[in-house]
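Next up is one chain by itself, shown in structure tokens, the form predicted alone.
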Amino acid sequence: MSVRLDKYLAGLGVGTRSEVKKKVRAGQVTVNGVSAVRPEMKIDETADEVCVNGEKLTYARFAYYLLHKPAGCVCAVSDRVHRTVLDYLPDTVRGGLFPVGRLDLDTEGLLLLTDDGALAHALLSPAKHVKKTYYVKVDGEVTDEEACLFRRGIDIGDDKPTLPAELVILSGGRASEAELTISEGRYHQVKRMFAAVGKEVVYLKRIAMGPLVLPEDLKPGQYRPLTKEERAALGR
């Protein structure tokens, strides 16, 4: 499959389109052992050997990016009213990507962006019970008794109670902090679980999903490709 060199490099996380062009013009990129001179040159991404500073790049059938979703944007490919999570990625890499699952407009945290539909299905399938952990700030004191209720499952008004969830209290008082791990993805589930015990969530951030953990140095609005170790943990 023929593709522009700069698009190929940007898609593999080498840099933005402008950064990639600088690398090519600086002689840092070779194609089949020959220095590339034009960022727009066409390559066969499955057959040509591309190296950056002597390091061979590996063709990837699918793309995987970890985004620290900020509040105020929606988990959608497009939206007429709000900024979307894909708007935080440059045009060179966002083509074909979609968010795996949804976080509310005011919720922050870990979000996987990919074009791998099979992986998305595996992570979102109700039958898989993929664990998701959230950092929560709550108006009111969260008690050990409520943690026990969460472990049994909470009635949030659906046909069935939630599956057992693990609630770890980090701090108490009038404004409590906690970490909640659930294995479902019901609509507004975390907020509804706390509402069921008379508490209001005032801040919510997803810090883990399956084997993926939100890096502490990845700020809201920032993104990066998954590492080899993260892809391996996902079976990719």
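So that there is no doubt, residue numbering starts at 1 and follows the sequence shown. It should be emphasised that the depicted structure is a prediction, and the values quoted were computed from it without experimental measurement.
Although not depicted, the form predicted together with a small molecule is the subject of the following passage.
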*Looking in the predicted bound form, is the small molecule within 4.5 angstroms of a heavy atom from every one of 188, 191 and 204?*
yes
*With the small molecule left out of view, choose which of 133, 162, 84, 107 has a non-hydrogen atom within 4.5 angstroms of it in the predicted bound form.*
107
*Considering 73, 100, 138, 103, which brings a non-hydrogen atom within 4.5 Å of the small molecule in the predicted bound form?*
103
